[in-house]
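As a starting point, one isolated chain is supplied in structure tokens, in the form predicted alone.
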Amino acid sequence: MEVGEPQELLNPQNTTETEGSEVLAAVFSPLVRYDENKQPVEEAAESITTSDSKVWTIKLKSGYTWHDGTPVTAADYARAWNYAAYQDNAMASSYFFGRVDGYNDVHPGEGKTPTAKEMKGLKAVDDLTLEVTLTAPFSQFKTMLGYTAFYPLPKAAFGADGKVTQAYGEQPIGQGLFKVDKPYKKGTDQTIDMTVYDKFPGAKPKNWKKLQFKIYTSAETAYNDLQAENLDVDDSLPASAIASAKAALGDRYFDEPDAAVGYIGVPLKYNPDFKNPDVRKAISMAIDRKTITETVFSGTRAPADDFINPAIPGYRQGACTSCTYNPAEAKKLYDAAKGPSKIELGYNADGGHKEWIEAVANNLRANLNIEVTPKPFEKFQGILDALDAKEYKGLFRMGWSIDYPSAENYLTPIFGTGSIGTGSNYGGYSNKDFDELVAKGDQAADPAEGLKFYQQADDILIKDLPYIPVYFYRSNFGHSTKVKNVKLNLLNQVQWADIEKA
């Protein structure tokens, strides 16, 4: 299986990007998965119930064990979630626990000291029962629980200092389908090797036991390996291959709907050149999305016209009027707003983004009469690290694959004020009205009512354009002749138990 290098070691609570999440999804079993209607269905959980959307009772299935043979308990979940939330641990996923009662005690914010190490809203009632009390009702809490951040951690993950050890990050002990064979030395090793865990109580592959993730820095190289039968599964076909992939792979090529969004990210908080919203609107209107999706991606993407993908309830066709190509108006607006005469466009070269970033650069040069320089980062990790460190001040390529199927997931993790620093809000966008509308959506009595507030929050994004939506994804993946029945789930992760040797 092809994968880019994970940004961090393999710690679920510190992994919020797609490459590391893909690997960890093989090692852990989530509390819920999602059915064809995008509804959460219990997986490692026996049941998840609530009477008021505020207090939730999670009953675990019996029979799950860690890869060291010890039973999985409710305390393992409480331990992992408290560790993620505790401010001093600086876990990337901490904001996912912001709705749990007591989060502000363990994570009071920058410059403040935590007054507790555990959230009072988490309680292991017995070995298989976890009670979660939120600060306010949140009807979609169950929907969140399929995400990487909500995996449990065994006692063995922690050292004497109470921190997750480096050894654990290199060879995580999970409770899922695959056991990691040996420590993974990030930056050196080119593979992550695993074996089916015999005591896993869920579905297992019929006729194979070994899984190897191969780490690539070039999508083109991975695709060449797929064609040469040196790689069995490639879920990130490069844009340059899509036009010919159907002919090359035949029925081993797939083009399927995907809930992800591709953006041009804006370092709003860190570069005053982009502070004026008219500059961002002008850049957006200067991008010819239709031509990019039809030519660069051979029709396997769709022009983005909202911050919410059409695959998820809440999308509104044509909502983003500034996403309509209008080069004349873009030039007029850009000149009036005194936009920068030089722009750098950062992107990761390991994900097949070169072609469309260069197309955007050409649009901006031609339509705004400015100097635009694409800047490749060798690995996705490189640009994420530069953004985390607030070192990179140019516009940047960014994408968002959903963590769970909810309109809210296109809002809070990327644009919420609480997601700056420890979340995925790489631009540093902060808007009090946006935060309040999302909170109202969270606390609504039912999902339909909540969606109205999420769409009002979406309206603020459309007005502010903290990121510039460019295209809606489709999943373009393929496999070798050596395997069959390859499928991706809603989170774009391979369904390993379904695959068979051909």
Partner chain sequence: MGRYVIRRLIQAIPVLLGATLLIFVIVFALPGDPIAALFGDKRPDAAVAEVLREQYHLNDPLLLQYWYYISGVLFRGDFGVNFADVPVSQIMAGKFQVTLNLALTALVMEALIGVGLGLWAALRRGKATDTMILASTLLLISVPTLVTGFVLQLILGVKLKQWTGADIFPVAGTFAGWRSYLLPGFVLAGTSIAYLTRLTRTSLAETLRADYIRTATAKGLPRRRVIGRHGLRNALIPLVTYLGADLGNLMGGAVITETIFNLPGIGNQLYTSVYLREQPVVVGIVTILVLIYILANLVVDLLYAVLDPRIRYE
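We call the rigid core the largest set of C-alpha positions that still match within 1.5 Å between the two forms. What you see is a predicted model; the values in this text were computed from it and never measured. Numbering follows the first chain given and starts at 1.
Keep in mind that the form predicted in complex with the partner chain is not shown, yet the notes after this line are about it.
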Contact at 46, 201 and 208 by the partner chain in the predicted bound form, all three, heavy atom at most 4.5 Å: no
The single option of 103, 178, 415, 396 touching the partner chain in the predicted bound form, heavy atom within 4.5 Å: 103
Listed residue that, although the partner chain is not shown, lies within 4.5 Å of it in the predicted bound form (heavy atoms), from 127, 110, 391, 335: 110
4.5 angstroms heavy atom contact with the partner chain in the predicted bound form for residue 326: no
Partner contact for residue 498 in the predicted bound form: the partner chain, 4.5 angstroms, heavy atom: no
Residue 92 within 4.5 Å of the partner chain in the predicted bound form, heavy atoms: yes
Touches the partner chain in the predicted bound form: residue 9 (any heavy atom, 4.5 Å): yes
Candidate stretches 423-431, 290-298, 273-281, 128-136, one within 4.5 Å of the partner chain in the predicted bound form by heavy atom: 423-431
Residues in 185-202 close to the partner chain in the predicted bound form, defined by a heavy atom within 4.5 Å, in order: 185, 186, 187, 188, 190, 191
Rigid core superposition, residue 234 Cα moves 2 angstroms or more between this form and the one not shown: no
Rigid core superposed: residue 203 CA moves 2 Å or more between this form and the one not shown: no
